[in-house]
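Starting off, we have a lone chain in the form predicted alone, written out as structure tokens.
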Amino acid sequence: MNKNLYSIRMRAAQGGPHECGGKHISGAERIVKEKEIMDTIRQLIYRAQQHERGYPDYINLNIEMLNTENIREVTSLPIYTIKTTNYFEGREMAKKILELLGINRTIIEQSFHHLLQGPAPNGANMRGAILMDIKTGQRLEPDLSRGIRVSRIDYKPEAARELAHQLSRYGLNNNHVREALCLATKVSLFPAIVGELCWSDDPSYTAGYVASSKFGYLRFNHLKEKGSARGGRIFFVDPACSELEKTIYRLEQEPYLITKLGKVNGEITYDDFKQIAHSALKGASK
């Protein structure tokens, strides 16, 4: 019996590779069995060619064998959707939640500025995430154009089917939610990372989220205006962590597979969330 699985990663760009100045179009990845490789490749290429940001002229596929003994099996974060009427309200709620995680308001405002203005040095979006020091606001990623690319993540097929079923109950069964939850779950498991802020750079998708090990995956239907192509993600890092290089390596290289699901909740109000947060913070202080 073959105990290996395969990591398949797709990146698509327009105007050449993103690293050489091309416009990033889309990216996705899977962890699959050997017999599923060809079907998965076809699905990922089709996805790259159908993206709303344009038709790519560069598609890169990377296939890597993984030994199952090296894959960490984890449980996904619980999901909550916090009710918002517009992106102004959503951003203010997100900022308050980040403050509850111990991040200074000035640093939070700085993080929003990065995503709204374009986090790369040339003002463009980034494929990877910003690493931001929660005390100084300093960016800690080694390459400010590349960012940190969390990779080698997926769901076990049984977990993926159950997640799709649970999300469908609330009209949330889409690639954005499934893939963001997968990434946020891996990130939340690293002690150095206090929390994550993210919204998509897809113009038609206005939702975003704040994720953390304390509160789970908190999504907002509105975190940016419709039609905006600005977006990205920020990992807020505790400067007390002395293993930043090791954390970066593990985020990018270690394979994680979600085998169990956290609870998928429906829409809640911000007041509902405050009660959840109070219980979580109270439990953490014991």
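No experiment lies behind these values; they were computed from the predicted model shown. In case it trips you up, residue 1 is the first one in the sequence shown, and so on.
There is another form of the same protein, the form predicted together with a small molecule; it is not shown, and what comes next is about it.
Visitor: Go through 82-90, 142-150, 164-172, 99-107 and give me the stretch that gets within 4.5 Å of the small molecule in the predicted complex, heavy atoms only.
Guide: Selected range: 142-150.
Visitor: Only one of I193, M132, M126, L181 gets a heavy atom within 4.5 Å of the small molecule in the predicted complex. Which one?
Guide: That would be M126.
Visitor: Applying a 4.5 Å heavy atom distance criterion, does S200 contact the small molecule in the predicted complex?
Guide: Answer yes; at least one heavy atom of S200 falls within 4.5 Å of the small molecule in the predicted complex.
Visitor: At the 4.5 Å heavy atom threshold, is G231 in contact with the small molecule in the predicted complex?
Guide: Heavy-atom contact with the small molecule at 4.5 Å: present for G231.
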